[in-house]
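Let's start with one chain on its own, the form predicted on its own, as structure tokens.
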Amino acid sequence: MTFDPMHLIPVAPELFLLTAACAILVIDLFLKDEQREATYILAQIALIGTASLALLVGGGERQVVFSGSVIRDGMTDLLKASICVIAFGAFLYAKEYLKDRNLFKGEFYTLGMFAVIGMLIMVSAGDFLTVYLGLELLSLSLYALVAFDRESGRGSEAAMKYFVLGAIASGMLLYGISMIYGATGSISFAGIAEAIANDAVNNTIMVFGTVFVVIGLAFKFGAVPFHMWAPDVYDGAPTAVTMIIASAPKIAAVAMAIRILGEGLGGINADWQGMLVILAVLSMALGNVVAIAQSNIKRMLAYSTISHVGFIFLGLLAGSQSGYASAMFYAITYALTALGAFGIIILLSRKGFEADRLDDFRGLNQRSPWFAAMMLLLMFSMAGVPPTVGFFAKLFVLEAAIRVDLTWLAIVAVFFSVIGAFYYLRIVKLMYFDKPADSAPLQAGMDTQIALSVNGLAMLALGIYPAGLMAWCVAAVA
């Protein structure tokens, strides 16, 4: 087999970001603390270049290179660009937060870039080996980021829990992969799909392997009952790190699920659909109910994420083109919403003070009417209140479930969505109807203020015109 240099073009975004991350890591070694801004700027330029490359090499027919290990298609073009945009916003919001806590170090940005590389690999994976390599690169980077604040005992504890539970989940996933390989004789998604179509599989081993793979997926999503890591990690990690964990990896997880379940195991849809139904119901139920009892906003948003994962599963379990498109739409818009919500938390924080309690949002409208309005749009989007984009994200996945005769599941989802609206509207009530608990002025750079404003207004803009992004998602899975 000869090497074709043209095969490098589909993986140009990953190669560019890897080269940039390694170069920035070396350059940062020679910078003094007061010159650390250069690392931040170079990291942002690298992300912009990666997103541009993803769109530049995209378009046209689907490409499969490196003996089926890597795929470039409409889904990779959209999701790679989306991940880079979300990471760009996370790096921007994190800058002032890190400076105030003496955590503004090059390692944060290089680890963040390696995490992004892992996500990009997951998005374009064509077999289980590539998926696993991308997943582990992402996971190892996040483990280190959670423990980034060396003086934080809670951060170290959260990182240890995340690492141990992540290792168990990785073992489950590997065990499932080995069983599927034993049943089909292939680890490529195309080969597995062909074996299933030709009925050349051992059904018992195949089903058991699928169960373990779904468990691995459920852990990475944070779905119930594999959610135990999420609240502690969200709460214990620095807010800047929690913001990264809560946003972009959800997009990569959706891509991984579509590749594995849709492209590889689509022929046994009936076997894994029932599992996703159970995971979806449990996630929506526990996530929404337990979130009501939280007084810490980071833990509340952790349980909120769990409930949103239940909605993403509604699109995935449909096993149809419209279902996968709606799941992608939901993941992208949710990542953007979570990014903005944690951005507002960082805005309210300052040196020596973490705005991680619900009470810290009291009277925000009196302190800053504009950013109170942005948080209002973000909370309305999470709650699914029209005309924000969250309403249409929920509508699209509910429609996908109804199309496969799961109307009862859509009704359950609506019921728990109504329950979930309570804790989102509680924040709105605190901002607009309570007296401020803190009269200190909000301090943020102009770049952060502009980004947060764009982030908040995007909830309204995408809600008024959701067709553009949804059409791109539909085209991506066509």
Partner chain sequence: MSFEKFLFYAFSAVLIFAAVMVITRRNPVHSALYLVLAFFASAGVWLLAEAEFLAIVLVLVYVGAVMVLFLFVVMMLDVDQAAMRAGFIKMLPVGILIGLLIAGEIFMVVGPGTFGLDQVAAPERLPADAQNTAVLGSLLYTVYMYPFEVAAVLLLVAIIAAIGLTHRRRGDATKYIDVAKQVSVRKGEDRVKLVDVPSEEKMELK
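Keep in mind the model is a prediction, meaning the values are calculated, not measured. Positions refer to the first chain, counted from 1.
Keep in mind that the form predicted together with its partner chain is not shown, yet the notes after this line are about it.
| query | Tell me, which of 214, 121, 87, 251 has a heavy atom within 4.5 angstroms of its partner chain in the predicted complex? | reply | Flagged contact: 121.
| Contact residue in the predicted complex, chosen from 320, 296, 202, 102 - any heavy atom within 4.5 Å of its partner chain | Filtering the options by heavy-atom distance leaves 202.
| task | Heavy atoms, 4.5 Å, its partner chain in the predicted complex: which of 235 to 243, 180 to 188, 216 to 224, 193 to 201 makes the cut? Say which one. | result | Looking at the other structure, the answer is 180 to 188.
| Thinking of 129, 147 and 151 as one candidate spot, does its partner chain come within 4.5 Å of a heavy atom in every one of them in the predicted complex? | Looking in the predicted complex, the three residues 129, 147 and 151 all sit within 4.5 Å of its partner chain (heavy atoms).
| Taking heavy atoms only, is residue 35 within 4.5 angstroms of its partner chain in the predicted complex? | Contact check for residue 35: no, nothing within 4.5 Å of its partner chain in the predicted complex.
| said: Test of understanding: in the predicted complex, would residue 372 fall inside 4.5 Å of its partner chain by heavy atoms? | reply: No, residue 372 sits far enough from its partner chain in the predicted complex that none of its heavy atoms falls within 4.5 Å.
| said: With the partner left out here, check for me: in the predicted complex, does some heavy atom of residue 289 sit within 4.5 Å of its partner chain? | reply: Result no; residue 289 lies far from its partner chain in the predicted complex.
| message | How about residue 70 - does it come within 4.5 Å of its partner chain in the predicted complex, if we only consider non-hydrogen atoms? | response | Within the cut-off, so yes.
| said: If you apply a 4.5 angstroms heavy atom cut-off, which residues in 15 to 44 are near its partner chain in the predicted complex? | reply: The stretch 15 to 44, when checked against its partner chain in the predicted complex, contributes 18, 22, 25 at the 4.5 Å heavy-atom cut-off.
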